[in-house]
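Before any questions on binding or motion, here is one chain by itself as structure tokens, the form predicted alone.
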């Protein structure tokens, strides 16, 4: 039963892998408390009940948009939601779904064959291209802590705080080895929004930039450093564009 201190929540998935939903379900020790403050309207990984298109307090939207039908559904969700939160890289900037370059029709035919001939599809787009987004939770997948903090803050009438600094700062705070400078690895930590506690670099894995670009990112300096790692110009540009970045020389356009 819903109480005055609970949220009516709908989790909506478009073109994605459901990994963002799974991260919330992986908050095992917090699920009991979460169940006390959340009433589910729709949540594909939790219940087979479909979206009832009823008014909800918050809609968590996962995935990019790639068909007119998805856009229509998103518009309906926006109309029925007091707050709409884009969750994960696909919803924020298209994610890995947007990596395919070139002619869309040939890509569809290569994957789905002749049955795709009549499909009306366009390159994957982020949620904010179509509707107003009240809050964003970055990451591929997002951090469990950020999901819980966002729901808790919304319940109490606000939004969680966010440090607008790069992943490099978290590496420094944790005294991690600099993969970019010391190992000449193609790490995007200097321009990527922090909040993951530099979990990939801490394990010796270069940052892929899945949390999006930090404000006032120095892309030109990173471009120079990436050249020193041995990457070609094309490889660097593709890497910088992977999660919503901007190619060298286009940062201010």
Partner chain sequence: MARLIVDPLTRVEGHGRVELLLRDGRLDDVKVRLLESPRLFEALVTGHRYDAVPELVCRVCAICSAVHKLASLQALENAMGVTVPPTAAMLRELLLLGEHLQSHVLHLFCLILPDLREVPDILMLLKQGDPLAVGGLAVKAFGNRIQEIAGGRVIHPVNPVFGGVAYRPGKDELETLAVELERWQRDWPELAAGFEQAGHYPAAGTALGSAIATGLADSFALSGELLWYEPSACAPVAEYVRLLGERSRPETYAKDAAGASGPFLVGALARNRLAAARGVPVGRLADGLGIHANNLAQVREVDWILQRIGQLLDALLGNAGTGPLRAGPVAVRGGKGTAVMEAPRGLLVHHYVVDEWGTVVAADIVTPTAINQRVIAAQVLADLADEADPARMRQVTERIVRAYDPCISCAVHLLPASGDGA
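Positions refer to the first chain, counted from 1. Remember, it's a predicted structure, so these values are computed and weren't measured experimentally.
The form predicted in complex with the partner chain exists for this protein as well; it is not shown, and the discussion that follows is about that form.
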Among 128-136, 151-159, 67-75, 164-172, the region lying within 4.5 Å of the partner chain in the model of the complex by heavy atom distance: 67-75
4.5 Å heavy atom contact, residue 17 and the partner chain in the model of the complex: yes
is_contact(residue 181, the partner chain) in the model of the complex, heavy atom dist at most 4.5 Å: no
Partner contact for residue 56 in the model of the complex: the partner chain, 4.5 angstroms, heavy atom: no
Proximity of residue 97 to the partner chain in the model of the complex, heavy atoms at 4.5 Å: yes
Residue among 210, 198, 191, 226 with a heavy atom within 4.5 Å of the partner chain in the model of the complex: 210
Heavy atom within 4.5 Å of the partner chain in the model of the complex - the one residue of 92, 147, 140, 84 that qualifies: 140
